[in-house]
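Just the one chain here, laid out as structure tokens, in the form predicted alone.
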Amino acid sequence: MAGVIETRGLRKRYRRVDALRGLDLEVPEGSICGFLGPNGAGKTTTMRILMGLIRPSEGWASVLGDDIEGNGLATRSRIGYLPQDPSFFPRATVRNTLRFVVHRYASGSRSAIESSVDETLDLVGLGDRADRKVKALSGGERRRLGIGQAVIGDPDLLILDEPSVGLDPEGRSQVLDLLEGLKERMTIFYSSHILDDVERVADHVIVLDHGEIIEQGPMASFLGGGAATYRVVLDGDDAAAIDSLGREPWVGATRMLEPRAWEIDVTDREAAEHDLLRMLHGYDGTRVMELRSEQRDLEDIYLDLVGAGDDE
């Protein structure tokens, strides 16, 4: 698939601080891409560069096939953007808030504009709140209104900075449902610290730390890939059997969980599925009483990549 967003050697310096250190990333067309990293990793800086709000210090980037240095209004009108802290006129109604935004994109008849507003209200689930003032909305409703502002121009790319931050579980679920529904219409690039949410909706992941990309690729590769963890319960000389197994090149760390119960990390799932049971069961009378693969989630993998110290 073509890259809706592509960067090569992208850097941003603030005085003596390197916020971005040579980013090479690609967001496939038609994907929901989760952009992950600790606080201060450079996620918001990257998004602001892609939106043309700030200039990079070095490097190259393109959005929707156009170099960001030459992006004009035509290209920017194809991008919807939700900042982490969107601002609204609190005394305006929901409908008037969207009317104000749609006039930036639409030049048709009044009925066409109203039709666009009504369609967006329905899309973000605020049709029954259309005449309510913004200040009376819940946190989740304000987030959906912010997404409504971003999508009302029917963009090809939607960039969202922490769209579900500060929401309760119901509000987060509503935002995620909305993102899943939008996938058929546009590419979505969004940052989040809520890894369960990213795992639910994203099909592509980019992990940033200290201004550098440390991993990127399809979600399926993150969750599956070649690595795996197995739990095994042995009867016999379990310590010797595990020690012998640990000499295999595809075996990583081994941990005793309790007497006779072990956890085994492997770097090659295919090799483990072929040889693990045979090697343990055949070692000097050792019997395998239990063997199962333990599924790792996105949070486990993320913490392996960046650690827990700098994140909230």
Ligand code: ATP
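Just so we're on the same page, rigid core means the largest C-alpha set that superposes within 1.5 Å between forms. Note that the structure is predicted; figures quoted are calculated from it, not measured. The numbering used is simple: start at 1 and walk along the sequence shown.
Another form exists, predicted together with ligand ATP; not displayed. Remarks below refer to it.
- Exactly one of the stretches 57 to 65, 263 to 271, 41 to 49, 250 to 258 approaches ligand ATP in the model of the complex with heavy atoms within 4.5 Å, and it is 41 to 49.
- Site annotation in the model of the complex: the residue of Ser77, Gln84, Ser221, Ser115 reaching within 4.5 Å of ligand ATP with a heavy atom is Gln84.
- Proximity to ligand ATP in the model of the complex, taken as a non-hydrogen atom within 4.5 angstroms, holds for one residue of Val288, Leu298, Ala19, Leu25, which is Ala19.
- Looking at Glu162, you'd find a heavy atom of it within 4.5 angstroms of ligand ATP in the model of the complex.
- Though the partner is left out of this view, His193 does reach within 4.5 Å of ligand ATP in the model of the complex, counting heavy atoms only.
- Relative to the superposed core, His204 undergoes a C-alpha shift smaller than 2 Å between this form and the one not shown.
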